[in-house]
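A single chain comes next, written as structure tokens; it is the form predicted on its own.
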Amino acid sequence: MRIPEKRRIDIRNLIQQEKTVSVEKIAKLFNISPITVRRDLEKLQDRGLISKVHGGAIVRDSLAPEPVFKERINLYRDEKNRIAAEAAKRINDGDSIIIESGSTCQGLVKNLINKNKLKIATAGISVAGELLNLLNIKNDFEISVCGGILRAGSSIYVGPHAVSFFNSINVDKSFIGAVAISVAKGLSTATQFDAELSKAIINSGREVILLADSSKFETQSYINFMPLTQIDEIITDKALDIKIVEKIKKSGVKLTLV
């Protein structure tokens, strides 16, 4: 339950956003065969998450499905913990930072207990919950949450209000996650809302650090929004394919494997 399960989560998320998606489109976006798409759709339907129709699938509006974030957080747990611990080493006392959203970013919060006088902003609802727990211990932290539009199946604020918030601040470091990463095409995500938010967060940081496990690499989602060369450092796990490692190093982006 590693790569195939992650792909099914991404397919379910795409169907939730677009309401109706064809087998042909899913096959093209995820670079898989139509037969594999149909098998994935059958598994998602068996779980009650989508409804298969002729030639594709539709969102199952009658359900209130468990958020995709809760499914993602259990994937690659050990790798994410190592990445988060390494990322925390980049944070100095007195820094202002953004912790975007996602399970790896949430793990970063748990590594901040020994830091002092941080200013932290986030778009992540689950990240905000972890920060609230930390704030009860670290009363010298200043925590800001952007607010905005809540989307079903996610754990993040998006929309104009969220984008405006991040456009109004400047921080030392932005820590971001990723839906999909391609050396050639850069970062991509499922919706325009997500793309605009991520761009605002990246532009707010004097230094941008990408936290992503190796399964995210050489994959693509719906919208390309940022070339990899706009990232200052990538922190990922040692399972990353050596060919991808070489490509990233040639691009000039700092790469740290843990």
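The term rigid core refers to the maximal set of C-alpha atoms that superpose within 1.5 Å between the two forms. Model, not experiment: these values are computed from the prediction. Don't overthink the numbering: it's just position in the shown sequence, from 1.
Absent from the display: the form predicted in complex with the DNA. The rest refers to it.
For the candidate spot formed by Ser33, Arg39 and Lys52, every residue has a non-hydrogen atom within 4.5 angstroms of the DNA in the model of the complex. Considering the DNA in the model of the complex, the lone stretch of 209-217, 223-231, 186-194, 25-33 in range is 25-33 [heavy atom distance within 4.5 Å].
Using a 4.5 angstroms threshold between heavy atoms, Lys199 stays clear of the DNA in the model of the complex. In the model of the complex, the DNA stays beyond 4.5 Å of every heavy atom belonging to Gly252.
After superposition on the rigid core, displacement of the C-alpha of Ile26 between this form and the one not shown amounts to 2 Å or more.
Comparing the forms between this form and the one not shown, the C-alpha position of Ile11 differs by 2 angstroms or more, with the core used for superposition. An increase of at least 3 Å in the separation of the C-alpha atoms of Gly177 and Leu41 is found in the model of the complex, compared with the displayed form.
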